[in-house]
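Let's start with one chain on its own, the form predicted alone, as structure tokens.
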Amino acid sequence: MNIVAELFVVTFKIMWSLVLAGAKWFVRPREKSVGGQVCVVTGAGSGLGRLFALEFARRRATLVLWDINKEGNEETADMVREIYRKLSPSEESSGIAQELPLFQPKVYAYVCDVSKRESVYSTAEKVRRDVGNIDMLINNAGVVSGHHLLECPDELIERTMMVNCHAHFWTTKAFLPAMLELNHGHIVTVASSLGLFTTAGVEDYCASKFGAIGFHESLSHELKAADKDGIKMTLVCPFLVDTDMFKGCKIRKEMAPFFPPLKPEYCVQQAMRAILTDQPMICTPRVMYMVTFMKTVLPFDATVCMYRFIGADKCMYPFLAQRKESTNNNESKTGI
């Protein structure tokens, strides 16, 4: 095709994609069914991972739960089983699980340290042996060191990078080959707004989330280049979630009402809507799209001014101080 004609075609496709994206603001896309599909959730023992597991359970997916904490993972598994028991035929016919009414979903719990590729590969092999191929991979596991860079032990920096970023390589390498063979699957990367823009005091966490997002986007392009349109990708980038992970984080009090921490349930509900409609990316709340855009177009000094006005430049300092105090108290108790 002549390059000029091709340019017109590309321009039309770009404009049409913008129209379709805008239409989704007014017409909610239909959610796909995940009933009977096998879903692996990493970091399922608590926090967002547990909530993701419960949401998929309500939609009658078979759950495969991974966590390094056996007790927390088993608690999540028990909660999932309770949801399965409560699902009635009337609920199935109401739209939550219209398909496979006779299918009885199951839950499988595995202890896995996703920071170690040997653990990931061996656990993935157990899953294939016990359950079979998987349909959905939710890369959710995450940690934060909670130390200033020069005060952070090297081991904690390595742990943050391994859990938050490198683990995505190992889990994807473990499960992607079967997805490619079938041209079917869905990979979800639970990242963070701190993988799109940064703040002071959490260099290792931001770097790990930037890495996870870079991996996700590159893999998305690779799947498109291979014409594997049956494998969907969704990137989840929430603002700070109201859990113990960043407890104590504060911005300027006058601005706090405009940027409140997200309720975990709301965060997961929004992410589930994106996943079930095959949305490529979701930032929660929507203002995060604007913040990310401003970061790309504003000079760095202008971004610093904006950070200082909002109080985002040192928002992590109270959290880091609490972590340091907690660490010192634990060391004192150990010493006693």
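No experiment lies behind these values; they were computed from the predicted model shown. Sequential numbering from 1, following the sequence displayed.
The same protein also exists as the form predicted in complex with a small molecule; that form is not shown, yet it is the one meant from here on.
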| item | value |
| --- | --- |
| Location of the small molecule contact in the model of the complex, chosen stretch of 150-158, 183-191, 79-87, 224-232 [non-hydrogen atom, 4.5 Å] | 183-191 |
| Triplet Cys112, Ser115 and Phe239 all within 4.5 Å of the small molecule in the model of the complex via a heavy atom | yes |
| Heavy atom within 4.5 Å of the small molecule in the model of the complex - the one residue of Phe210, Phe246, Phe259, Trp170 that qualifies | Phe246 |
| The single option of Asn69, Thr292, Gln269, Ser33 touching the small molecule in the model of the complex, heavy atom within 4.5 Å | Asn69 |
| The small molecule contact at Leu65 in the model of the complex, heavy atom, 4.5 Å | no |
| Proximity of Thr277 to the small molecule in the model of the complex, heavy atoms at 4.5 Å | no |
| 4.5 angstroms heavy atom contact with the small molecule in the model of the complex for Leu137 | no |
| The small molecule contact in the model of the complex: Val202, any heavy atom under 4.5 Å | no |
